[in-house]
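The chain below stands alone, shown as structure tokens; this is the form predicted on its own.
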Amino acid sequence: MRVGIIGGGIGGLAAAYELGKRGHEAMVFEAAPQLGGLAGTFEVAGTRLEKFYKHIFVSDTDIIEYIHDLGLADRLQWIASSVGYFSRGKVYNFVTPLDLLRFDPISLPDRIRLGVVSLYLQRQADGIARYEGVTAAEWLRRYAGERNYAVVWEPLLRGKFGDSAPEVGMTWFWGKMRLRFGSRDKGMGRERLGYLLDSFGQIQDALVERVTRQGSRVFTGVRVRRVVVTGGRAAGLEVDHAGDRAGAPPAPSRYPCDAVIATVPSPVFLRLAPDLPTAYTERLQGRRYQAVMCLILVLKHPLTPIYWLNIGDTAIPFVAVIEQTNLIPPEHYQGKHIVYLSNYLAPDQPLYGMDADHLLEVYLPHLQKINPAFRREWIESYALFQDDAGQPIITTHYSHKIPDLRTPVPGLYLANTTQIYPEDRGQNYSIRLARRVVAMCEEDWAAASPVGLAARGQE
């Protein structure tokens, strides 16, 4: 079977790898000049760094398996992380139960209630059955209390989902809480996170090497124009131009395939596959995204002592400060301090259209709120990265709204972040989704094609 794959992020590369392991051929087409998508990297301080901060959890078994399978296990570090919360002009540690008891923006009874609710959510096994019909805002107001919601949870939900925050389903929130607390030592201890030294880009490199060795091809800088449908089924891809990573001469603009797997965001997929029935199209259009942008600062001095600092002050125009060099030591980055200023917002918001220079000017006064000693002279360089499809908006009853991996067009499949549920989007779940869609694709091919039927008869 020859399969065309649209998108060279971790999901597309994993799909190609899984196909190769099953004896099939894949062709991966990535429109950008670089692979990786939201897991892409760039050069900074003598090494590679993710454009959008990345780490893994102890429960991320699919990507951990890949790391071992690809010979990268010696690069994987498990590190005790630090988490904080900025509220009322102060940075609070948020790592241990004792830190929670010291969090004075809320009363002592509310702190105890917050801890009890957090433990309760961690121990619930089925968030879909229990929480899918209620929003996070409704549930948290009722059980965590109005004060805890107003001070802790509402600023974070609004920072992540903007005006859509009141619509976010409780199942999404439960999944995030269960994941974060599940990575703590003995439940409420210190969180341990995994990071691949020299970046997760090494996974992409290793996958390309394996995929190529399997006989498949990976193209960058090649934009798919449309999915070719012949006789009612997906039969190929039409592209604007082609040249592989090694700089090969241009290839034909149409590539015949037995199946097509798209890993791109839903709005992009709709432009490439105009032959979809109305009902499926409407389901795709109903899935919305928040855009993501990260302004990355290379500093002479640390901004805070905390790796992951949630921002609970709604006057600050970013939702989190992730200080990479509080997870991986500055020595790994030539002694520099690397800080992500993370933001999620609707693509039509004014901040999202700003360039790096103007955005920095907006952010600078707020950095001094977090650390009064901070000065502009600390900044040695900075870079801005953004993506329209950073975070799917997960609403109530989401399991009934997820687009099927099998589209109504035979041989055409969709596997993107809107279909990851109840878990949140991430490298681990993109790999898991790729495995699912490849198994489905092979099953359908075996059932429908004479070659597949003959192969099945020989088993």
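Computed from a predicted model, the values in this text were never measured in an experiment. All residue numbers are counted from 1 along the displayed sequence.
Only in words, not in the display: the form predicted in complex with a small molecule, which the text now covers.
Position in contact with the small molecule when the complex is considered in the predicted complex, options 223, 332, 178, 366, heavy atoms within 4.5 Å | Among 223, 332, 178, 366, a heavy atom within 4.5 Å of the small molecule in the predicted complex occurs only for 223.
Just one of 413, 66, 421, 52 has a heavy atom within 4.5 Å of the small molecule in the predicted complex. Which one?
-> None of the other options qualify; the answer is 52.
Residue contact check: residue 31 to the small molecule in the predicted complex, 4.5 Å heavy atom | Taking the distances in the predicted complex, the answer for residue 31 is yes, it comes within 4.5 Å of the small molecule.
Mark residue 1 yes when one of its heavy atoms lies within 4.5 Å of a heavy atom of the small molecule in the predicted complex, and no otherwise.
-> The answer is no: residue 1 has no heavy atom within 4.5 Å of the small molecule.
Counting only non-hydrogen atoms and a 4.5 angstroms cut-off, does residue 407 reach the small molecule in the predicted complex?
-> It does not: once the small molecule is placed as it appears in the predicted complex, residue 407 has no heavy atom within 4.5 Å of it.
Verify the contact flag for residue 344: yes if a non-hydrogen atom of it lies within 4.5 Å of a non-hydrogen atom of the small molecule in the predicted complex, no if not.
-> Yes - in the predicted complex, heavy atoms of residue 344 and the small molecule come within 4.5 Å of each other.
Taking the partner as it appears in the predicted complex, which of 375-383, 122-130, 256-264, 162-170 has residues with heavy atoms within 4.5 Å of the small molecule?
-> Only one stretch passes the 4.5 Å heavy-atom test: 256-264.
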